[in-house]
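This document starts with one chain, in the form predicted alone, laid out as structure tokens.
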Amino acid sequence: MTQGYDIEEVRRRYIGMETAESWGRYPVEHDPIRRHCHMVEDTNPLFLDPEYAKKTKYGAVICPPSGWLAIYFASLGPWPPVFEPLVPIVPAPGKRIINLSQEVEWFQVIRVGDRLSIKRRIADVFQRPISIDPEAVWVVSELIIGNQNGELVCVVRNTLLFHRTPEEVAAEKERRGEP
């Protein structure tokens, strides 16, 4: 075990930690939805045709069920650049990060004109070995996205892996006098 790293203390301190809710800088707009759909060759008229969408039960163009678009509209946007960490920073022995998976659970559709908010939460932290780092730390984070009506729109869950390089693992073993 890496000297000074206590996974149980990290779990107690970080699981359930949330950032404050923040609001997206801009309302949901049709043009980013249109560009996204053209990029991925999605021709659904609910996403592309305002006249068609107006006649549906949604009453307006809706956003495709994409976690990245939801995050885009709930964030501060690309300009001016502002660093928004995806999650509160959880300490780990390794500084290399891999986003292993993303799942999105939907509760509401996103319509053009909506205002979205986001808050970030740590759902779980645990250690599980991988081939190059026996003390790899796994973090499950959640991005909770809501709308201007106080409704939960979606929860985006990411599983992140924090690990050390093989050289860092070998140096730690050498420091402890292990073969």
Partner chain sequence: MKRPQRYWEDVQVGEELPGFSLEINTRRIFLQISGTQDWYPLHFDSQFARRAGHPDLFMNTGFIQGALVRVITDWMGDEGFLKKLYFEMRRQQRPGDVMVCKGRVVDKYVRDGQHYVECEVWAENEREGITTPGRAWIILPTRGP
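Please read all numbers here as calculations on a predicted model, not as lab measurements. Positions refer to the first chain, counted from 1. Basically, rigid core = biggest C-alpha set you can superpose within 1.5 Å across the two forms.
Separately, the form predicted together with its partner chain exists; it is not shown, and the next lines address it.
J.: Looking at 22-30, 143-151, 116-124, 38-46, which one sits within 4.5 Å of its partner chain in the predicted bound form if you count heavy atoms only?
T.: Checking each option against the 4.5 Å cut-off leaves 38-46.
J.: Given that its partner chain is not shown alongside this chain, does residue 129 nevertheless sit within 4.5 Å of it in the predicted bound form, heavy atom to heavy atom?
T.: It does not: once its partner chain is placed as it appears in the predicted bound form, residue 129 has no heavy atom within 4.5 Å of it.
J.: Is there a heavy atom of residue 65 lying 4.5 Å or less from a heavy atom of its partner chain in the predicted bound form?
T.: Looking in the predicted bound form, residue contacts with its partner chain include residue 65, since a heavy atom lies within 4.5 Å.
J.: For residue 75, is any heavy atom within 4.5 Å of its partner chain in the predicted bound form, or not?
T.: Answer no; every heavy atom of residue 75 is more than 4.5 Å from its partner chain in the predicted bound form.
J.: Spell out, yes or no, whether the shortest heavy atom distance between residue 166 and its partner chain in the predicted bound form is within 4.5 Å.
T.: Residue 166: contacts its partner chain in the predicted bound form.
J.: Going by its partner chain in the predicted bound form, which residues of 100-131 come within 4.5 Å of it through any heavy atom?
T.: Residues within 4.5 Å: 100, 101, 102, 103, 104, 105, 106, 107, 108, 109.
J.: Following rigid core alignment, is the displacement of the residue 114 C-alpha between this form and the one not shown equal to or greater than 2 angstroms?
T.: After core superposition, the displacement of the residue 114 C-alpha between this form and the one not shown stays below 2 Å, so no.
J.: Following rigid core alignment, is the displacement of the residue 155 C-alpha between this form and the one not shown equal to or greater than 2 angstroms?
T.: Not so; residue 155 is displaced by less than 2 Å.
J.: For residue 21, state whether the C-alpha moves by 2 Å or more between this form and the one not shown after rigid core superposition.
T.: Shift of 2 Å or more: no.
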